[in-house]
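Subsequent text provides structure tokens for two forms of one protein chain, presented individually as structure 1 and structure 2.
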Structure 1
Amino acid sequence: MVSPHGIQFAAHLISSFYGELCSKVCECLLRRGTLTLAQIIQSTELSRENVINCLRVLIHQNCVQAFAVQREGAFGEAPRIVTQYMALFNNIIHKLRAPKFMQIVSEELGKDGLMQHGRLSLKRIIDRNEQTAGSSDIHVVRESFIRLLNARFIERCPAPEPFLAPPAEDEAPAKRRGAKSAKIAEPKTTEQRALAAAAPMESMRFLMEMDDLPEKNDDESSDSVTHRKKRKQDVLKSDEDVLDANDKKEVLWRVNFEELVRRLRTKACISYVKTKINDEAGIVLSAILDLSGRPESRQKAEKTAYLSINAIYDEVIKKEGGLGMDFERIRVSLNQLGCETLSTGLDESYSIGTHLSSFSYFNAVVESVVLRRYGREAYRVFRLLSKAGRFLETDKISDSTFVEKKDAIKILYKLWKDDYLHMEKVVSSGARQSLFLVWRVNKQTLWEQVLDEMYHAALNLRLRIAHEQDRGKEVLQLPREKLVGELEKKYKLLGKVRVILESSLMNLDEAIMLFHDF
């Protein structure tokens, strides 16, 4: 479930990009979960036509995924196939990051137009290039497309409407085989199954087959992107109006957010290590992550493979600032990074946890909030509980943190009231019964709480930007010549305000992206 402010923020983003109606549909799905078309219409009180149009836009922009399920008929009716829609929260939030993503891509490969357009077939990409660049050199476009594909910045779109077999059929045989041989540890939700079913096979995801390349003289009319020929679905009865029956031959491509997020995360990791430890540690980490490459499957690799010290050294000296490093200094950095070592005879190899939690990023963010909001003593108290990872009694907390006992109680109570801590009452049995209060940080609930606050803050920043623009619109609309004296001052101030707000939003968004992945 998405947090309350997460939903508000997502709805706000959709509204800014695609309008109020789309925002209403999207918000409905985020709040109420996966719904059918009929349910969405009922819930939003919009017309069927409006809802259908919105869904088409949202699907095209990768914000909604459709899938088909079998519903048992009522009162002896035959089972029906129903199409359901689910909102893709992460992809919606990625909309905010489009400029950053485009920057990464253009840094590596030059300009690209795929980002803005949701999903496109190769033919459409070529057509667009013709329209914008004026040249129709199919080979240039194809080459840059392949470069994007090899760098994994783009991927095949998921299936528009995968069919989920009823779970009852799957469960029975599993039960017969016995619980031990059940493959899945936790039962997947419907949404997880839908996404898994929609996703292209890993081997196909970044593969462009030769016959994907369209002929130069194609008889397909150059329609606009959102309009396709309707084709009857023989097998599945689905929402035909929403899901334009995709030409089975036409492969659609979209931005691969996973890769972009991975790159941003790596960058941020290295930058964080540079600030927390030193530049050398940052260089060594960068070398390790380069050597490790990207995880092969969709699963995030928890740890890199073991790398030999020689391989690390060879990579380090290639880096800027790394040439002067020797084995000794590399070993020191590896130790500071918390690498695990494996020494067998003459071999010496190291592995590192790739997850940001290894670098206590989560803790750093939350602790900085506690410090600013509740003060230095609260900061010590919070860090103590965070490190302890278990319940501690009030007196113990006050002793270890050098906080007066009466102040400690006040701080603990405030943190507890704001959902940063858990508290329990313990009655000690024995000759003298006394009531003790014990406190603990629960990482899961804390993470949810802080992430929700970050969405709230991001929403506030965006709304404030709009508010300031609105307040200053008279000044902003004046022609340059009239901006003198007081008006010029106001104009400059508006500019300064906008820069502060927008740069804060960008930084906060990056923090959200990293924090969310914890």
Structure 2
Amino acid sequence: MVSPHGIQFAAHLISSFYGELCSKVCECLLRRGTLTLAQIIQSTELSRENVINCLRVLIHQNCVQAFAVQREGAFGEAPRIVTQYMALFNNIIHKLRAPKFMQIVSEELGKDGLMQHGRLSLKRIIDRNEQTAGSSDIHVVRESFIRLLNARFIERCPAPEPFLAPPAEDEAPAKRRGAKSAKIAEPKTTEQRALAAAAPMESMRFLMEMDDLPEKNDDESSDSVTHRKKRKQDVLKSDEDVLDANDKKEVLWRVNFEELVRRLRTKACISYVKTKINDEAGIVLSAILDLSGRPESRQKAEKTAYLSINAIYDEVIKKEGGLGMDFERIRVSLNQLGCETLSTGLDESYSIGTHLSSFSYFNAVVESVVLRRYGREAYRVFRLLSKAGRFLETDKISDSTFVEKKDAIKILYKLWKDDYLHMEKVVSSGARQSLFLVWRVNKQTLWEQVLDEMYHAALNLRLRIAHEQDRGKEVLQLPREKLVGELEKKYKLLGKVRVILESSLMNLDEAIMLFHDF
């Protein structure tokens, strides 16, 4: 479920990139969940043609996924197939990270056009290259395309409209024997099933077949494109108008957000470790993550595979600043990172939880919020409970933080009222019963609340940037030779303000990325 400010932020991003109508359709899907075409038209009060055009844009830009389900017909009628649409919140937020994604790709491989165009076939990529570069050497484009595939920066698009078969009547629900069994047996939502059904198989996800490569200047292809353009101008009558039949047959490619976010997340974690521990710990973490490589499946691993100390050392000395590190200094850094150790004879191996560095990042962000809102004493109280990770009674909290009991109680109630803490009443057993309160950090609820506040802050920053740009557009549009005196000062001030706001937004986005993905 997307938080209230998350919905507002996503709708604002869609409005900025694709217009108010697309934003209205997207916000409707985010607020109301999965809907049919008729339900979207009814909820948005837009015309059928406008809704279909908006859905086309949003699907093409990977912001909406369509899927088909079977619904029971009326009395005496056969079941019918209905197409439904759901908004992809994660992909919408990734639009904010487009400059970061393009920087990663440009630094490693050069420019990439899928970020702006959503999804393209290989033929359209070649055509686009011919329009922008003035020439279209198929072999050059093919080599660049293969490099993007090998780096996993692009992937095959999901199926445009997967069909979700109704569950079989004879399927019995899985028995739940314990906590672990309950977690495994928990059924997937319709949306999760649709995404899983649409996703290409891992064996095909990054595979380009020779048949995918089109011939240059093919007259039939040109006629097909012309025919498709004419057909798109016809009156739209059904869901088939949203999901172009010709596009269904083409192999389409899109940006692999998972890989790019993984790289950004890794970079942010290493930077945080260097700041909070030291540079050597950051170098060791970078070496471990490089040795572990990317995951082979979409499932998130709880921890890395065990790596020998010799393999870690060999990777560390390749890093900038790692050449002077010896085994003992590497062991110290591994201990600071909280790595698990496995010793068998002379072998010495280490593994690190993939969430550890981000977990400490979460705590640091939330603690800074508590410090800013509630003061130094509340910060000490919250930090104690956060580190303890369990229930503590009021007296213990007061004694450990050197805060007067009456002040500690006020702080605890204030944090509890704002959903930062979870409180329980405990009655002691014995001859004389007494009631006392115990407290612990309500981490899941707290992180969701902080994430929602981050979306709110990001929305405000985006609106402030747009406001500053609109307020200073007359100065910004002037020729450079006319920027003298007060106008020059105003121009420089506008530039400084924009740099500060945009850098703040990028830093905030790093925090959003880490909070949301873990």
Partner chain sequence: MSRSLVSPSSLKRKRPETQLPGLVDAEHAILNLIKSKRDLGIWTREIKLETKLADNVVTKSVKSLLAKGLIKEVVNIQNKAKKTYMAVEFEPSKEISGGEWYNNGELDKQLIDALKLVCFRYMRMQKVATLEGVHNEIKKNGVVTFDISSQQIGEILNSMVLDNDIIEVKSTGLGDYYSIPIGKTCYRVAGGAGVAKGPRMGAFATIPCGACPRISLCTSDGVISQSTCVYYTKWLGIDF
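Residue 1 is the first residue of structure 1, and the numbers go on in sequence order from there. Take the two forms, superpose them, and find the largest set of C-alpha atoms that agree within 1.5 Å; that set is the rigid core. Remember, it's a predicted structure, so these values are computed and weren't measured experimentally.
**Message:** I want to make sure I have the labels right. Is the form predicted alone structure 1, or is it structure 2?
**Reply:** That would be structure 2.
**Prompt:** For I81, is the CA shift between structure 1 and structure 2 at least 2 Å following rigid-core superposition?
**Reply:** No, the C-alpha moves less than 2 Å.
**Message:** Is the shift of T36 between structure 1 and structure 2 large enough to count as movement, that is, does its C-alpha move by 2 Å or more after the core is superposed?
**Reply:** It does not reach a 2 Å shift.
**Core-superposed C-alpha of C157 shifting 2 Å or more between structure 1 and structure 2** = False for C157: its C-alpha shift is below 2 Å.
**Request:** Any chance you could measure the C-alpha shift of K490 between structure 1 and structure 2 with the core superposed, in Å?
**Result:** After core superposition, the C-alpha of K490 moves 2.8 Å between structure 1 and structure 2.
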